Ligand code: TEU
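In the form predicted on its own, a lone chain appears below as structure tokens.
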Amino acid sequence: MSEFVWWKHGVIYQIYPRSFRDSNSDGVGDIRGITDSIDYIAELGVDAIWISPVNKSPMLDFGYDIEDYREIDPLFGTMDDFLDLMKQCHDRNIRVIMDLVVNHTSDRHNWFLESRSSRNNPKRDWYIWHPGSGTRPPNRWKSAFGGSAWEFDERTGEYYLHSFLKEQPDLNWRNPELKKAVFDMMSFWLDLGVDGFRLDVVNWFIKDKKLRDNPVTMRPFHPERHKYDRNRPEVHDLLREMRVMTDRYRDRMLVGEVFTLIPGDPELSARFIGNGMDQLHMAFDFSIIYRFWSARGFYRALKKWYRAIPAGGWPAIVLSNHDQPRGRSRYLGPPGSDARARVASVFLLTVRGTPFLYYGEELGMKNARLRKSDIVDPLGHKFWPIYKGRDLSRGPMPWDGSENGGFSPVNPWLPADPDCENISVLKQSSDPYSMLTMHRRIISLRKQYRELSMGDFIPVLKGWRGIIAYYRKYGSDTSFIALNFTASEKKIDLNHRGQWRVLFSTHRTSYKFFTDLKFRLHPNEAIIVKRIGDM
């Protein structure tokens, strides 16, 4: 039997630092705010935290435009603050994962300042430059933030590539000196004790050498099929080298964001895991995030993801993050009800794979309610009101019932939820039936019963009639999970001999026994039962 591996069998908690906790009363969350909350994180029971970027940045894309990879931005604190956070986490056996944004840098990064200084600069080829064709850019590639992906630079008379903002020039990963510089930077953080990296838009790293035009589509918001500016085969050779470098350090991990359009692409994401041992340790597939509330839809997306994963690979499971609307708001359901969010959380924490829990998801946080004047995301500014941007999922964490939910004594960078008192950590911590208590309970069960984190996944009810049900089995230990996605009562009748004890239910307050897995599910009930009798 394999031993517990933190990145495979634990729970990873994503923290968006601007919105987690403000320790210095400037309205922006920071590293010390995370450290001040370390006991809360430990009590939640997670095994690692992934921190969105805290490197020095002009913050035009809120940290995803890095000016210096080896410095902490003063907005978030100091290097000493970061090292103290790592120590506090490691003292509690919590790992720390950094966001690694290396598809592009800020245009204020010294590498780019040198690159654009002249056509003959030694770092010119560290970015992607081209003279274009007359007064036209090299091709028709579009930026993810709208408009051409090429910006003309008056100083040197050439265009540079930017897949996002024009202030985020793309790195040229085909240049061996650039690659060495990034690997050296990664080693710098690994030497300091960082436990892994989440790689931003990993499938965008390599571009077509000939800069060929992408095929045109008829979709108004997606006018091209990204054949040549993303998903190039050479990226897998690069990731193999990155894995070799990372594996020189003990027990570290790489997880990649494979950015795709709706409805997701599990086969593409799985390719970034390679054979399971030679590229990324894990990759994100967002197919489930893109699904409407449907047991059949959730199951089919999960089945495709499992089927795509190589034999030696391991799936990451995610329902919310800093770029997508929060799950609680996507799932809707009756006004004021968190019933669907509870079912989704039990799904997240009990299917096979590593759950990535987004800050506030354990509280049932909803999308922020923002006016146009509140929006700070450049995407929200550009596409309002068709698309309101990513700020909706980045609201301040509600800690208590005080002003701004205890996040900050001053007006925060995004407005706090007016209902923050009712969903706050303080209120939910003392409520045995709250979302927070539920998450703590299930994460604790994962640690107590190894089949819930390490076991095989054996589906028995596959979404038909609104039910997903499955066994998790590890050696002689078996648990059974049933999820009712509907507002109707459902019957479970599996005739599986033996005695089963209820470990958790969203609806049952007295933990009873079942015989032969014959019972009725309440509307929107999620239940975990463990076999204690003979098969």
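Please read these numbers as outputs of a predicted model, since none were measured by experiment. Heads up: residue numbers just count along the shown sequence, starting at 1.
Heads up, the form predicted together with the ligand isn't pictured, but that's what we're talking about next.
Interface residue remark: residue 379 is counted as part of the site for the ligand in the model of the complex, having a heavy atom within 4.5 Å. Put simply, residue 47 is far from the ligand in the model of the complex: not one heavy atom of it is within 4.5 Å. Contact between residue 257 and the ligand in the model of the complex is found at the 4.5 Å heavy atom cutoff. Proximity of residue 314 to the ligand in the model of the complex falls outside the 4.5 Å heavy atom cutoff. Within 4.5 Å of the ligand in the model of the complex, a heavy atom is found for none of 98, 182 and 281. Residue in contact with the ligand in the model of the complex (any heavy atom within 4.5 Å), chosen from 366, 394, 291, 446: 394. Listed residues 198, 330, 207, 439 were compared with the ligand in the model of the complex; 198 is the one with a heavy atom within 4.5 Å.
Residues within 4.5 angstroms of the ligand in the model of the complex, judged by any non-hydrogen atom, belong to 56-64 and to none of the other stretches in 486-494, 56-64, 27-35, 466-474. Looking at 138-153, the residues that come within 4.5 Å of the ligand in the model of the complex, counting any heavy atom, are 144, 145.
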